[in-house]
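Before any questions on binding or motion, here is one chain by itself as structure tokens, the form predicted alone.
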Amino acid sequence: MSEIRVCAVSDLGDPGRKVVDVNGQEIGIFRLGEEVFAYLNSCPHLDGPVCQGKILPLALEAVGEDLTSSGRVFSKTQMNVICPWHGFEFDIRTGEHPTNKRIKLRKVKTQVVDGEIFVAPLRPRATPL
């Protein structure tokens, strides 16, 4: 199956996102700077619409050299999408949960050609017998 055009890069903010229907499956397209990422809009926790959640930097604990906390700060490099149902967070660049790397979003192959974003349709997952 060939790749499907979903939108122009310029249609997305920075950071930005758009949820599109591709062959009956909702896919979230994300832009961070010049990078583009896409995931199935399904949280691995309880199938919530994860790609429609808030986009926020990862919250980190600021720990001094003396190992005391000076409170929370936001990451300058890691942006997360937060599932609106139960708050599960996922790194937009990797699709991984920040503390349990085995929990991740289902990645969709993307390609940018002449400022246009294309995605490869997902194949259905095999159902166990």
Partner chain sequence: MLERVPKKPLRELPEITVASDTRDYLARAARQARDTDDYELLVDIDAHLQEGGFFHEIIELMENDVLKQTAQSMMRPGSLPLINMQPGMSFQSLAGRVPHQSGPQETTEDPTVAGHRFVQIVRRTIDSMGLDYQVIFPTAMLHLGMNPMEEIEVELARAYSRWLVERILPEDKRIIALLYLPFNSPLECEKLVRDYGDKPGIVGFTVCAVRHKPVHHNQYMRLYSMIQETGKPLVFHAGPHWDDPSFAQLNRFISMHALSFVHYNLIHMTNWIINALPERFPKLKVAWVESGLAWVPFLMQRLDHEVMMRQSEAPGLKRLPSDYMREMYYSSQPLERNDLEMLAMTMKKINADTQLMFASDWPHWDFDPPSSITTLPFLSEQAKRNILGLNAARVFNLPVKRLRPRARDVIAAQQERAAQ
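Quantities reported herein were computed from a predicted structural model and do not represent experimental measurements. Residue numbers count along the first chain shown, from 1.
There is also a form predicted together with the partner chain; it is not shown, and the following applies to it.
Annotated contacts: Gln78, Glu96 and Pro98 are all free of the partner chain in the model of the complex [non-hydrogen atom within 4.5 angstroms]. Contact annotation: Val6 falls within 4.5 Å of the partner chain in the model of the complex, judged by heavy atom distances.
Asp14 falls outside the set of residues with a heavy atom inside 4.5 Å of the partner chain in the model of the complex. Put simply, Val108 is far from the partner chain in the model of the complex: not one heavy atom of it is within 4.5 Å. For Leu46, a non-hydrogen atom is located within 4.5 Å of the partner chain in the model of the complex, even though that partner is not displayed. Looking at 39-69, the residues that come within 4.5 Å of the partner chain in the model of the complex, counting any heavy atom, are Asn41, Ser42, Leu46, Asp47, Gly48, Pro49, Gln52, Gly53, Lys54, Leu56, Glu61.
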